[in-house]
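Only one chain is given next, in structure tokens, and it is the form predicted on its own.
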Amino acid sequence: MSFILMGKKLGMTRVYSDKGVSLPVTVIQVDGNVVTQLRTKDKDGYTAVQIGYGAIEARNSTIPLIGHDFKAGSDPKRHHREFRVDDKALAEYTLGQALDVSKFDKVAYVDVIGVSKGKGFAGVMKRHHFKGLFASHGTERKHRSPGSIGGLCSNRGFGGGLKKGKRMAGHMGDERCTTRSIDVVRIDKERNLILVKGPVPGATNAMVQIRPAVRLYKTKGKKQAEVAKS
């Protein structure tokens, strides 16, 4: 894995390409990333870079975290993440180094990681896309109910309970998810903004993580190689 940066999802808008095509984009502000720790094989058993993001009042943080960030010459940070690097790449980072959106200069596709919007308690039609019961004569007023839920009891293992993972009503959303291999449409270095094509997980002003795409198909891999050489 090359690197990860954290940013704030500002919302969605649309821009026009050079050919006049309207593209829906998500605007992410990537600034305030600071290297807070460098992990080495001698001390930690592996090589990695830890970064901090998001200002937080000292009274809302903890003394260990305040001291940890102070060693890097940084104010207290709300979020801390780390990414693995090799020995050669580790030499490119220094303690207290500020990282911005310019890291994505030669990146054509990114993965965006975030926590999806919470939907609360949802039924099976909204949560699992069930079609519901028949609306014909004889059906009671419970068309959105799941129907029979005991059909998998023969595959239960022990006891008379349902098989684990049975799709039923319950808490929907508020889960970590990743949008993979989405296009980088534009980078604004002056305001530390990156515009990516389409939606990304998370609500407005939520923290998201951005990394170069780790899984590309042939066509996208070919384009990424061309951008990296340019």
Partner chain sequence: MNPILAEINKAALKSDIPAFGPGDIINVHFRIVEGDKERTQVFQGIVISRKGAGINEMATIRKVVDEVGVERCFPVNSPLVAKYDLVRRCDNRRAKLYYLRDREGKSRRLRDRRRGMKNTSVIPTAAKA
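Because the structure is predicted, anything quoted here is derived from the model rather than measured. Positions refer to the first chain, counted from 1.
Another form, the form predicted together with the partner chain, is not on view; read the next lines as being about it.
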Looking at V184, M172, L193, L38, which is the one with a non-hydrogen atom within 4.5 Å of the partner chain in the model of the complex?
-> L193
Taking heavy atoms and a 4.5 Å cut-off, does G11 contact the partner chain in the model of the complex?
-> yes
Does the partner chain come within 4.5 Å of any heavy atom of V27 in the model of the complex?
-> yes
Would Y16 count as touching the partner chain in the model of the complex under a 4.5 Å heavy atom rule?
-> yes
Candidate stretches 60-68, 45-53, 161-169, 27-35, one within 4.5 Å of the partner chain in the model of the complex by heavy atom = 27-35
